[in-house]
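A single chain comes next, written as structure tokens; it is the form predicted alone.
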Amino acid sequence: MTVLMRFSGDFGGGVVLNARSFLTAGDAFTQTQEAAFFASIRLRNGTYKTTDHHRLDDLNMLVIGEWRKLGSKPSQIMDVGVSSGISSLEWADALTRAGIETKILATDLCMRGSLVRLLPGYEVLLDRDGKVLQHIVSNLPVRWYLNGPRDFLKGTGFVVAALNALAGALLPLANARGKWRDVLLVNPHARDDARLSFAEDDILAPNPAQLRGRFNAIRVSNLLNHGYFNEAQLRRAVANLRDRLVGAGSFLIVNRTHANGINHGTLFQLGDAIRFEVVARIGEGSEIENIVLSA
């Protein structure tokens, strides 16, 4: 238990949410606890479900101001890589205040998980492929991944390795019993808002038919950057996103929030030649601006 308690330090002190308590607590947790919970969920592609309230407020105001100038009121919006969905909810609120009534499809690579009880006092959160995203031992969340040799120096690496092996042995039996609970990994206020819907999405995969030519505007924040993808992957993602827009006059927003909290993004619009043009920038603009303009 002493070694397990060290894991609570990974998530910032205070009461640490795990996937079960997130499912059952409603909205009875603080913004700090919520952010720590999502930051503890590392997906299998190496990204984290990080989140923070009001981090895109200035970007929202920039975009809404430009849409007012252009007389644009997008009715179908896609928000890509939304993590907890709180930024999507805040965008919906800002749009409503500006008199823009819209529906937002909020997507992420992993929006849903399955909570499976393996032993008394031991549960796991699984992704859609049945891979462990979090161990829960006596209410303590334990990550599935290792942070290098230092984990073994602290003793935590042995716990992670042992739990991964135990889950691998027990999951086939649990799957045979078919007893698990679905968990929508979304802020409860966002989950219950009628303006929002949620779906899992891989922007590098071929576009599903129901997404093609559907949206007046698409926003991608903290996803399309050189830290996550190589240039070929970024070009493929941009091409996929362009294919999801309705055509000339529609918008693409690409933003990255730096560690200091400053947003750097670009608002693009598709011209008559179905090529992207820059409408406005926040901060230094998107780091992949050249890729979008040459798409």
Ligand SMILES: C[S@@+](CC[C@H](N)C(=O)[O-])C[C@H]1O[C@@H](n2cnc3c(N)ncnc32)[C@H](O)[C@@H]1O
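Computed from a predicted structure; not experimentally measured. Sequential numbering from 1, following the sequence displayed.
Missing here is the form predicted together with the named molecule; even so, the following discussion is about that form.
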query	finding
In the predicted complex, the one of H264, R242, R235, R55 near the named molecule [non-hydrogen atom within 4.5 angstroms]	R55
Partner-contacting position among L95, I77, I203, I136 - heavy atom within 4.5 Å of the named molecule in the predicted complex	I203
Option from 65-73, 265-273, 224-232, 29-37 whose residues, in the predicted complex, bring a heavy atom within 4.5 Å of the named molecule	224-232
The named molecule contact at A106 in the predicted complex, heavy atom, 4.5 Å	no
Non-hydrogen atom contact M61 with the named molecule in the predicted complex at 4.5 angstroms	no
Contact test in the predicted complex: G157 vs the named molecule, heavy atoms, 4.5 Å	no
Interface membership of L43, the named molecule in the predicted complex, 4.5 Å heavy atom rule	yes
